[in-house]
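One chain follows as structure tokens, the form predicted alone.
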């Protein structure tokens, strides 16, 4: 029974990097399912004694995250161009498993309805390299970072169905963890060696073709802020890399292109709707990747 299996999990820890909170929602729903919490993230506080979340999105420190043999871990990270977001990899490398400890792990990635390609295998391998013992993996869908109200891509996801699937998967993980052979090798879709990272579509050295066939204006290298910004600072607060700042002398929002990872957290957070990021890739995704994709899980 599920209740018998979850009794073996003394503590669940969600560790995630989630600029637009989609990866966090999925990882927490999986953890809630492992804990037997029927309502997932909505009832997450009810399981606070057994579940904690370490969100690395705004945590730029290098302090190690020490894990002991007192429970299981759910990792959550976004997919960028078929690979785990590089900033997520850097921050997750802070995880250290205590000497002699054994820490079971579930790895989850969230992608924008195109494809997760080698990201799930990559996150699995990262977990192993950190000393964790991954025994289950899942790829879920979240609204694409480049999605806009005018050109939506996986708008509103993860939705209630996605979160329900994540909780069901969590229950399956709990049962597997309580079974014999829980850590036997299992199949995960993906390739080794991993695909080479794609060149960013936002690269200003590229130019898009207009509908008439002439060269269109290059996509901006970073999100832009329209005139009339009240300089509330919300974009600065949510930026995971510190790329966004406010110059009070010229009363403008500035973005450092060497630090921006195009996560679009600042775009989503702007209360005035004046922060935008426009790339031709959004239209491509809207046209070719609109059919609903379902989560894929591996146990």
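Quick caveat: nothing in here was measured; it's all calculated off a predicted structure. Residue numbers count along the first chain shown, from 1.
What comes next is about the form predicted in complex with a small molecule, which does not appear here.
*Asks:* At 4.5 Å between heavy atoms, only one of the stretches 179-187, 110-118, 128-136, 93-101 reaches the small molecule in the predicted complex; which one is it?
*Replies:* Careful reading of the contacts points to 110-118.
*Asks:* Please determine whether residue 165 contacts the small molecule in the predicted complex, using a 4.5 Å cut-off between heavy atoms.
*Replies:* Outside the cut-off, so no.
*Asks:* Does the 4.5 Å heavy atom contact test between residue 263 and the small molecule in the predicted complex come out positive?
*Replies:* Residue-level check for residue 263: yes, a contact with the small molecule.
*Asks:* Consider residue 124 of the chain shown here, and say whether it contacts the small molecule in the predicted complex, taking contact as heavy atoms within 4.5 Å.
*Replies:* No, residue 124 stays farther than 4.5 Å from the small molecule in the predicted complex.
*Asks:* Heavy atoms within 4.5 Å of the small molecule in the predicted complex: does residue 279 have any?
*Replies:* Although the small molecule is absent here, residue 279 would stay clear of it in the predicted complex, with no heavy atoms inside 4.5 Å.
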